[in-house]
Structure formats: C-alpha cells, structure tokens
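Consider the single chain below, provided in structure tokens and representing the form predicted alone.
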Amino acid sequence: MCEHDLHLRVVLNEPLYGGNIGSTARVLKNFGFHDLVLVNPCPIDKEAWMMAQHARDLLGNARICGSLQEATADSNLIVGTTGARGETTGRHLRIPAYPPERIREKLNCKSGCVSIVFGREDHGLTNEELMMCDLLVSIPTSDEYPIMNLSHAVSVVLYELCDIVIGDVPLANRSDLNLLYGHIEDVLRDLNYPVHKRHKTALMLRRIFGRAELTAREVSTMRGILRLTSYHVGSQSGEGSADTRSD
C-alpha cells in the first residue's frame, strides 16, 4: 500500500454460508475493491464459486485468518458494522453507530488502511469484537425488517465509499495506537486511578480517540503528554525517571 493511498479492506468475521462469501466477492468487484479477508469462514463450497461469478479471482485470492486481531493487525482504522441504531454498548463504552455516508465524510481526504468488519449472519459481532473497532457503521433500515443479507449490507457500505476522495492526511499506524492505549493504562495506574474503574475508563478513551481518526503526529503528541505526566507523578513519589522527550 502506498503511503498516500486509502486502502479499503472488507473483513467477513466467521461467515456461515458459502453463497454469502461468493456474493460478497462479486460486490467488491462491482465497486472496484479487491481486498477480501475471511476470519474462520465456513467451507468455500460450490455455491460460493457460483455466486462469485466474474469475481472468482478475487475469491481465490481472499486471505483467510484465524482471528479478527490477525485480520486487522495492519489496519490504521477498524470500522465495525452493527444493526444497532444510535449508540451501542454500555455508558462507559459509548460508540455512536454512524450511517455509511458519515463514515464516508470521516474518511474523505485520509490515507491509510481501513478495515470494514462485517459480523456473522446470525448474530453479528460480539461486544468484545465491537470493542476492537474504532468506529461503528449502521445502515438505516425499516424497523419492520431491519436485518439485511450480508452481501447486501456490504454493497450499501461500498457504494458510499467507492469514489471517496483520497487525501494526504495519514491515519496513525495500529502499532502506534496500541502503544498509546497501553500508555494510557500505565498512566492511570501511576495516578492511582481506582482499580475497579481503570479498564472501563481506558476503553472509554479508546472510543474517543477512535472517533477522532488520529494521525501519526497526534498520537506522538498524546504520548509525549502522557510521558510528561508519568515523569511528574514519578518525581512527586520519588521515582521520576521517565523520558520526557516527545516523539
């Protein structure tokens, strides 16, 4: 992937039916996308190849992973899909579920690798899997029958993103984001933040930063502030030895 490309990847998390996998491959090719990743999929059967039609090359090149973490490890941004409207999870884990056009607006003029994760046909993504995502997208559908077929949902999202404007604002690397999140947990510990609140507070901050689509420079600045905080906390306790330099 080029440094100033916006690379979109579709991740199907534990899809149950070969026909849906094949149909999804066809949808990707319809809209000009080629990166399909399958996490613990059902067998790629005859129906999958039949439904793929002229996207059989894409289906044949699909990467198969053993976990969602593996599938999204190099992603600058992870966008999860959900049937829930508005805000989802608990009050400490507030994640607004945006319609596809808002995701388009947030990605316009950005560069990096963005994984769009679609859940299982029967019950979607678990809460734990949703917590791995930086943003959530939900397709507005009728309350009478809100659940869409998997490949249909993929087509709606990709329709909104197929001619997105590629820019030169690089999203932060996943490794840098993970270092930031780990640093936050360290600072909460250094501050003697209540033990029973640390995990939920760290997750809440991950959600806030996820919605901000942080750049590499912003992550570096945040980590510099956190290092300085750790240094002063350590100095007051007689343990100050942290490196206060900014990246």
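So that there is no doubt, residue numbering starts at 1 and follows the sequence shown. Bear in mind the structure is a predicted one, so any value in this text is a computation, not a measurement.
Another form, the form predicted in complex with another copy of the chain, is not on view; read the next lines as being about it.
- The stretch in contact with another copy of the chain in the predicted complex, judged by heavy atoms within 4.5 Å, is 45-53, chosen from 182-190, 45-53, 59-67, 203-211.
- For the candidate set 111, 82, 75, 155, a heavy atom within 4.5 Å of another copy of the chain in the predicted complex is found for exactly one residue, namely 155.
- The closest heavy atom approach of residue 194 to another copy of the chain in the predicted complex falls outside 4.5 Å.
- Heavy atoms of residue 173 never reach within 4.5 Å of another copy of the chain in the predicted complex, leaving it off the interface.
- A residue is said to contact a partner when one of its heavy atoms sits within 4.5 Å of a partner heavy atom; residue 132 fails this definition for another copy of the chain in the predicted complex, lying far away.
- Taking the partner from elsewhere, residue 13 is found to have every heavy atom lying beyond 4.5 Å of another copy of the chain in the predicted complex.
- Of all the residues from 154-176, those having a non-hydrogen atom no more than 4.5 Å from another copy of the chain in the predicted complex are 155, 156, 159, 160, 162.
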